[in-house]
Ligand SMILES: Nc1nc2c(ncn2[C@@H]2O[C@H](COP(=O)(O)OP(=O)(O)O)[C@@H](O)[C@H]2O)c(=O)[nH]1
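Below sits a lone chain in structure tokens, taken as the form predicted on its own.
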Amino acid sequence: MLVGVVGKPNVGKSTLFAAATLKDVPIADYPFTTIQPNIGIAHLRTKCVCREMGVTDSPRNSTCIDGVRLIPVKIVDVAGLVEGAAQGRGLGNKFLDEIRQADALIHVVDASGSTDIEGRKVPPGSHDPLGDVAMVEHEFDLWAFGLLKKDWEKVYRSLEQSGGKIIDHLAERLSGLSVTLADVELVIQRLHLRTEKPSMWTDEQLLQFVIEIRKLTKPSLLAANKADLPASLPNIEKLKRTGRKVIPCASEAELLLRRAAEHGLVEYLPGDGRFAVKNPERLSQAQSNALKMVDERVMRVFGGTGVQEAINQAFFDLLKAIVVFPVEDETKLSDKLGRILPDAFIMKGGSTALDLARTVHSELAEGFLYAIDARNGKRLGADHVLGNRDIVKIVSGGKRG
């Protein structure tokens, strides 16, 4: 699963990305700082099962700190999108092509209203971020609409003459966006479009089709960035009134805290609602003032910086991801080397025991016999749907894994 970080220029996308990944990326106060997509590793934060099971774990593919499991996930930060991008303006088609493989989107918005539609600085509170949300989504929709409109008349004439299926054509044309045949069928049913007569579809219907496809296959949340600025609070409330999933974010504060923690200046775990200064005497006056500001304007107001919450909600809420702990010994909760709860795998909601076997190793799937729920010892069939925080042993072809 891949989550994309999107938005217009100069809203703090790269700062959020850097804070989430601690990867050095160009950050500047002007549009189009990001030219090439930045791909990095962030972490999902979830409660580990170690304390529930009364064991001390030894993670291999992730980290466990005080019962909190941090699991690596991939995110991509792409160049800012401007009005007219669907026609190639700005970085246009390049931007749109870069996010096509994303499974979900974190749409970063300048909640302070201090940048205009192009990403240029304006007085705080003078620009409406709702317009930015609409612009970015509309450009994506226009781009997808353009993909379908290409040779549209020729396509529907051919299909109607040959008896071909418009659903197959649409799924093939949009396959690069990770759109499936089932997705296309679902949206067509919702819109009550006549599949036997695509020549009757209007441009408005075709555009509505791509809008619904985007909502279905590229679910998004709004990261209301720069939430610590005074002008942001009314805009955050305005964004929430749209019914969208909105998370107040202070990316600069998160980056400051993670860097400070990295250098041993504070105790802070991504997603915490507080931090503690370890050695105040080591801080310069500027550092002390900055941390005080983060505490007063961010942590006490919002209960966190929002960056980790945005990542968590993108995977757990938008993509319905689950975390599964595979083990080889269901009584000791270990692998063959004796490591306790060594792995934590992120899987799509609805994944089965057989899907887990495939994730662990293809040979386990090929010889799959059954799985075992380590909590109660119950046998699970191949089609058993896994739940979040399940601990599972795979038994395969006489070989246990």
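The numbering used is simple: start at 1 and walk along the sequence shown. All values reported here derive from a predicted model rather than from experimental measurement.
One more form of this protein should be noted, the form predicted together with this ligand, which is absent from this view; the next part is about it.
- Partner proximity in the predicted complex, defined as non-hydrogen atoms within 4.5 angstroms of this ligand, places exactly one of 170-178, 325-333, 259-267, 224-232 at the interface: 224-232.
- Contact annotation for Glu252: at least one heavy atom lies within 4.5 Å of this ligand in the predicted complex.
- Residue contact check for Val11: one or more of its heavy atoms lie within 4.5 Å of this ligand in the predicted complex.
- None of the heavy atoms of Thr21 is located within 4.5 Å of this ligand in the predicted complex.
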